[in-house]
Every structure is written in structure tokens, then in C-alpha cells.
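Here's a solo chain for you in C-alpha cells, the form predicted on its own.
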């Protein structure tokens, strides 16, 4: 296939995915928000959840971003070894970010950390951030995640003594949610990454928070049990929607792990606010594609 045609197809798919992600909240998240609205007993917290649901409805009707902070763009890419042209992927995804900034529009959020310079198009050194994983087959699949600054601000890395094990994990997660309070715009999804190294723990925590669908069980039985225990414990803190007090501080706790060095127990904790924004595109070798949430 003509490389230019494929490059344009990837860019179109990415632009559609970005557009869908910033406007439409995924169905699993909407259902979770509707559920806690019906179960919340605090009037003030229920009022906040109701405002969130109205916000979602208005964004869909007006086709405008669901939050004024349209985040920084993260791409989680899975590409087959047989895909016709791997070298064009990065260029296409970066171009889509530039176009999306103008056409949706997106708030230009990328700034030089030293000078404060803003290029105005959501690009820059390492931005948008592209994570690439190679898989069998000949398709390209990527999920775009516009990650807001408020929920990112309270991300944290703990390095407890490794011998403390699960006890340290529970303490770290509860402490992180207490410290975060209302700042990440609860109800949140709490992503927890255990093991690996410092960077690995935070990386898998972010993937767990942003990519995994609500209601999906953890494939590791011991982690599934820990997620359910922490979900109950965190919601008993009483922080509530937007920090006004109530039954529901978190929508879910998602945990992933990596094997670690015996001398360390990294625990990465990343928050995703209620405005979960993600959309996935699958591009075929012939340039056809589909986008879904």
C-alpha cells in the first residue's frame, strides 16, 4: 500500500479518537457514575454527581470537550510485526495532535518545564507521549488518553521496606487518597502499580487507572481481592464527590504488578478523575480503520 495513504489513514483515525475521547465519556464510566448517583446518601455529594452527569450530557449534545482541561495526549500503541510501515506511526500521531488542537479545539497544555514556552499545539519534547508495544499480526491499535493535570498532580511513588508486603501497599494507597483529598476531582479511579522499579511502578499504575474498563475483574485472584478490599476502605474515608463528603470517593481501584528486585518494593499510585477520557483506534494494513470506546 502507498505509504502516504496509510499515513493519512492513521492520522484520521487518531484525530477521530482524540475527538471522541475528549467529548464522550466511555459507557462503562457513565454507568458507574449513574450507579453511585442512585446509591449516594449525602445530598451534597449527590448534587455534585448530578452536576457531573449533566456536564457529560451537555458535552455530548454540544459536541464540546467534557472538561476545560483537555490534558496532555498519551498514546498507548500496539503494532503488529507485519504492519506495512512502522516508521510513519509517530509522525501521524503527532500530526493528529496538532490538528486536533485547532479543530476540536484543545487547550494547548504542553510547556517547556524550564522556560514556560508553549508551542501552542500540544506537542514538544516527548509530547504527545507514545508508548509502543509490538505484537503478532499486521494491525495497528492505539488508545489515546488525554490526561488532565489535576489528577496527575497527586500521583505518588512510595518505597517502603520490602518486607512489609501487602500491609505497606494498603497503607500507601489509603495515605495517597487521604493526601489527595478533593484535588483529583473525585470520584476517581485509583491505579496502583507494584514492583519493577520506580518508573515501571508508575507506568503500570497509569495504565491500570486509565485503560482498564470499570467492572472488569483483575485476572490475578489475590489482586482482585485486594482491589475489592481497598475499594471499600477508600469509600469509607468519606471524602465523597468533589470532596464534599459522601459514600463514594473512588469508582474503582485497579492494580497491576511487575516482578521486582528483592531489595525494593516500589508502589506507584496514579489517579484518574471521573472524566475518564479514552478512545481506541484499530487500523488495518489497507488503511481502513474503526474507532471505539
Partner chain sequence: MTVFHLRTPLQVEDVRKLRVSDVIYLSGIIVTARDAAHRRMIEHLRNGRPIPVDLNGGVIYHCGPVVERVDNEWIVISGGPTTSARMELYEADIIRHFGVRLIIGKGGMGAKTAQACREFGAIYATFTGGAGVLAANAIRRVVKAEWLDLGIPEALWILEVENFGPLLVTIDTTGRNLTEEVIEMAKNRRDEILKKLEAI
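Positions refer to the first chain, counted from 1. These figures come from a predicted structure and were not determined experimentally.
Missing here is the form predicted together with its partner chain; even so, the following discussion is about that form.
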Exercise. So, 48, 185 and 239: all three within 4.5 Å of its partner chain in the predicted complex by heavy atoms, or not?
Worked result: yes
Exercise. Hey, in the predicted complex, does residue 66 get a heavy atom within 4.5 angstroms of its partner chain?
Worked result: yes
Exercise. Does residue 105 make contact with its partner chain in the predicted complex, using a 4.5 Å heavy atom cut-off?
Worked result: yes
Problem set entry | Contact of residue 87 with its partner chain in the predicted complex (heavy atom, 4.5 Å) | no
Problem set entry | Distance check, residue 229 to its partner chain in the predicted complex, heavy atom within 4.5 Å | yes
Seminar exercise, completed: With a 4.5 Å heavy atom cut-off to its partner chain in the predicted complex, the contacting stretch among 66 to 74, 264 to 272, 250 to 258, 28 to 36 is 66 to 74
Problem set entry | Residue among 91, 170, 78, 213 with a heavy atom within 4.5 Å of its partner chain in the predicted complex | 170
Problem set entry | Heavy atom within 4.5 Å of its partner chain in the predicted complex - residue from 199, 152, 175, 138 | 175
Seminar exercise, completed: When its partner chain is considered in the predicted complex, the residues of 30 to 57 having a heavy atom within 4.5 Å of it are 43, 44, 47, 48, 51, 52, 54, 55
